[in-house]
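Okay, so here's just one chain, in structure tokens, the form predicted alone.
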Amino acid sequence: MVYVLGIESTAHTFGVGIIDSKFNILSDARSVLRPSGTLGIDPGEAAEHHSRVAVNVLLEALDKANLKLKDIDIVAFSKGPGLGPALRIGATLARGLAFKYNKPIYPVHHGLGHIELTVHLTNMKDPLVLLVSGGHTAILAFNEGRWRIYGETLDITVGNLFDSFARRLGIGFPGGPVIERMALKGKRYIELPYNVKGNNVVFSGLLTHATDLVDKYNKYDLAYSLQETAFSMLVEVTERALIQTDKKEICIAGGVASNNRLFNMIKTMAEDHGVKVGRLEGDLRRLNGDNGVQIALLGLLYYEAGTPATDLDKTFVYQRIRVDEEDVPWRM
């Protein structure tokens, strides 16, 4: 049996996940930073948090898996995209473990982890993927060795949209789940900017207009209107990409995949095309958010595909790196 340890540290979450070669999830430990300011996640504050909790999260993951560090066969970590100082904490821990115990190490793409984990656990074969989170908003399909982008945000992500609006309302982080609950109490749709460019979306104007109206309208109506507008944009571009790619499955991945309104809107659209829709449900729903399991899975997939481990002096981190820059040898 092969045991893989994955370290996630791209933004607010420091997570460690451990899986085995049969993809049994042995542990999923994490600590989430709750930003103290009103401007979102401060990179320095995130790095300080990760540095403070890293050892405890690691030990918790090992304890839950009933393993020792010497039992781990492969180490993987998030190389990006994300906040530079936060990424470096995870990378440093991973390098230290790989060096001390002489284990192979794989730096992996955080967004690719969201995709592959969700596709694997929903048992989908060749889906169109809607990746929606605080760090990603994109529509992807696999083609010629990589996950290719068929549409994306041209500015901020949908997760960032909700978190930014929540901060304007004085709501703590994360804002998305609170906005979802508030939207259920909304009774009136307030017209907001709807900005779709081909298969791409633009959310910054929507955010600016909605925040300008905070003192003029009922906050529940605004939350409802913001969510309906943003999700309608995503449904439109997802449907367009679906027709272009002729896929028979849609997989929704990332933290915002937990939003029931988005899921139901995508599902309604997909039913018109006879297409299956999936996301992580039930006990697996926790894995929509950032976690070490998604990183461990990629480490295992690269290893099983025969990809050589990375030399320690080449285990770089990248604040900006696109999903479609990553080769996916296990799907070739």
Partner chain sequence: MENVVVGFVNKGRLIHKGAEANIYLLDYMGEATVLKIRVRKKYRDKSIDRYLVRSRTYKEAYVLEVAEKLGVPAPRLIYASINGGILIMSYIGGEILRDLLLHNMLSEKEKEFIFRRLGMYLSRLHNNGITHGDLTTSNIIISGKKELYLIDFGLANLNSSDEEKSVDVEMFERVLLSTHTGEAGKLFRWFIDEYVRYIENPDEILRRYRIIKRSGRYHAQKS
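For clarity, every value in this text was computed on a predicted model and none was experimentally measured. Numbering follows the first chain given and starts at 1.
Quick note: we don't show the form predicted in complex with the partner chain, though the next part is all about it.
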Report task. Consider residue 125 of the chain shown here, and say whether it contacts the partner chain in the predicted bound form, taking contact as heavy atoms within 4.5 Å. Result -> no
Requested in this report: Classify residue 272 as contacting or not contacting the partner chain in the predicted bound form by the rule of any non-hydrogen atom within 4.5 angstroms, answering yes or no.
Outcome: yes
Query raised in the report: How about residue 318: is it within 4.5 Å of the partner chain in the predicted bound form, going by heavy atoms?
Result: yes
Requested in this report: Answer yes if any heavy atom of residue 198 is within 4.5 Å of a heavy atom of the partner chain in the predicted bound form; otherwise answer no.
Outcome: yes
Requested in this report: Tell me, please, which stretch of 227-235, 214-222, 114-122, 67-75 lies within 4.5 angstroms of the partner chain in the predicted bound form when heavy atoms are compared?
Outcome: 227-235
Query raised in the report: Mind checking whether each of 152, 322 and 325 has a heavy atom within 4.5 Å of the partner chain in the predicted bound form?
Result: yes
Requested in this report: Work out which of 167, 103, 88, 209 lies within 4.5 Å of the partner chain in the predicted bound form, going by heavy atoms.
Outcome: 88
Query raised in the report: Are there residues in 253-272 with a heavy atom within 4.5 Å of the partner chain in the predicted bound form, and which are they, in order?
Result: 261, 265, 268, 269, 272
